[in-house]
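Single chain ahead, by itself, as structure tokens, in the form predicted alone.
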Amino acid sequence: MTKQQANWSPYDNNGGSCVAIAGADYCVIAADTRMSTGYSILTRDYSKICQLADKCVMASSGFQADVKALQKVLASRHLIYQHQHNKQMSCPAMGQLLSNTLYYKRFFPYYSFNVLGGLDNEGKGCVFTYDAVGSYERVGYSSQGSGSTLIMPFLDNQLKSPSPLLLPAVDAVTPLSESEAVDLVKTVFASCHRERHIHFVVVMLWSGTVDFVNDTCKELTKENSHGDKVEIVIVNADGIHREFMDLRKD
């Protein structure tokens, strides 16, 4: 008989999907508001978007306890920066700070998958996408989280970002207007929020314990990883404003 033992992990995955699109003079960042664990929905009204500076916003999916810890570290370092330089940190500077912060925890990483969006020093939209240990890239659009495998092909088809290997370098910002980018984000979430992780759980029963056909019970379960509402944050020269769009509650 196989010896059984208790297993424990310091991490959890609370699901969620994040999208960011940069334009010529704006940036749109969006995320759903559902927080779940396994097959349970913990809350339907949880914001995954955090304002780090006047023109810089971060959206995060993954383990929300680690996300909160990361946000506190970034906020404290940004406060130190403001006292030393008497100004807000720019979005590219915050992007480098986030990369450094994730990298120095690489041996026990923050289990968070982030997209950072805002305006750079020239007023252009910028999006930075990250992995869990700080590798990052400036792009025209990006997605992170449980729905990213469905969202990114859709964005690639619609926006067709130029290759970063092209010389001379081509600007990564998308050609869409601000209203078109917001409509695209809404379309993306409306079509992809029903993404599910399907698990087939096969329970083998000991002979004679319970009388099932072939002594096997097959159960199909669904993990509700994102849904309920989409929070959309638009960053432009006028500041930051938010809007919401309802999704299905299942």
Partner chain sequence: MFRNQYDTDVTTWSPAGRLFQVEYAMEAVKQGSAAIGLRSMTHVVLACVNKANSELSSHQKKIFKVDDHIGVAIAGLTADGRVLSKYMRSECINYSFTYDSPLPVGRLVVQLADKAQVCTQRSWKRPYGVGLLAAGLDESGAHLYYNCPSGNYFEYQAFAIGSRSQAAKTYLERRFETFVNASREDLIKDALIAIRETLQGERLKSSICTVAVVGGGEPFHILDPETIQHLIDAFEIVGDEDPPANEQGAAAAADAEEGATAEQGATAGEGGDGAADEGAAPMDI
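This is a predicted model, so every value here is computed, not measured. Residue numbers count along the first chain shown, from 1.
As for the form predicted together with the partner chain, it is not shown, yet the points below apply to it.
Partner proximity in the model of the complex, defined as non-hydrogen atoms within 4.5 angstroms of the partner chain, places exactly one of 183-191, 23-31, 36-44, 52-60 at the interface: 52-60. The contact residue chosen from V73, A132, M152, V139 relative to the partner chain in the model of the complex is V73, the criterion being a non-hydrogen atom within 4.5 angstroms. The partner is absent here, but in the model of the complex a heavy atom of Q82, alone among N121, S179, N157, Q82, sits within 4.5 Å of the partner chain. Taking the partner from the other structure, the partner chain in the model of the complex has no heavy atom within 4.5 Å of any heavy atom of K105. Although the partner is absent here, S99 is not a contact residue: none of its heavy atoms lies within 4.5 angstroms of the partner chain in the model of the complex. Contact check for S90: no non-hydrogen atom falls within 4.5 Å of the partner chain in the model of the complex.
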